[in-house]
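Taking the form predicted on its own, here's one chain by itself in structure tokens.
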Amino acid sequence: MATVYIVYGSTTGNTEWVANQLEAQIKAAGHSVSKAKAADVSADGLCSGKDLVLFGCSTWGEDEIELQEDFIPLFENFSKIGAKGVKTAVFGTGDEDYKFFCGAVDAITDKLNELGSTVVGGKLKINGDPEGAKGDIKTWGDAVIAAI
């Protein structure tokens, strides 16, 4: 049994919905899962003692990539999360009509790679209402679980 932590930032509830789906899926696979909103966590040692940390964030902004408001302070302190050698995965929601569709997923993934994390499962980017992407979420969740 692996120890998994899901940290997410959600404004409209879409990213939170995805986090809840993934939590249930990973628990059903027999792993220990805890989940927290980005606004409620400290960056200091966030990845310590975890086998896998999932980061979820929606994307905002027309002219540049803007991470979800609550996720920004955590992202600004990512150097403190202790990601080196830890498996991580990144998911997000957004609107494909925007120039930087789910750009937060790319920014977070890039930073985790820079910090020496092993990012697994590829990037999960969901357009619009995530309930229509249940199959994609399950497939991605299965890939992430297989990588634990």
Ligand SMILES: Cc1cc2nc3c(=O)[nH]c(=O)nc-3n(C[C@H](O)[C@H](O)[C@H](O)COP(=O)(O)O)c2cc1C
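Source: prediction; values computed, not measured. When you see a residue number, it is the position in the sequence shown, counting from 1.
Omitted from view is the form predicted in complex with this ligand, to which the following refers.
- Task: Counting only non-hydrogen atoms, choose the one of 75 to 83, 30 to 38, 116 to 124, 52 to 60 that falls within 4.5 Å of this ligand in the model of the complex.
- Result: In the other structure, the partner sits against 52 to 60.
- Message: Residue-level question: is C102 within 4.5 Å of this ligand in the model of the complex, judged on heavy atoms?
- Response: Within the cut-off, so yes.
- Task: Indicate whether this ligand has at least one heavy atom within 4.5 Å of a heavy atom of T12 in the model of the complex.
- Result: Contact check for T12: yes, within 4.5 Å of this ligand in the model of the complex.
- Given that the partner is absent here, does T88 sit within 4.5 Å of this ligand in the model of the complex, heavy atoms only? Flag for T88 set to no.
- Query: Quick one: is D110 in contact with this ligand in the model of the complex, heavy atoms, 4.5 Å cut-off?
  - Reply: Close contact is absent here: in the model of the complex, D110 is far from this ligand, nothing within 4.5 Å, heavy atoms only.
- Task: Go through 87 to 112 residue by residue and record those having a heavy atom within 4.5 Å of this ligand in the model of the complex; state none if no residue qualifies.
- Result: Result: T93, G94, D95, Y98, F100, F101, C102.
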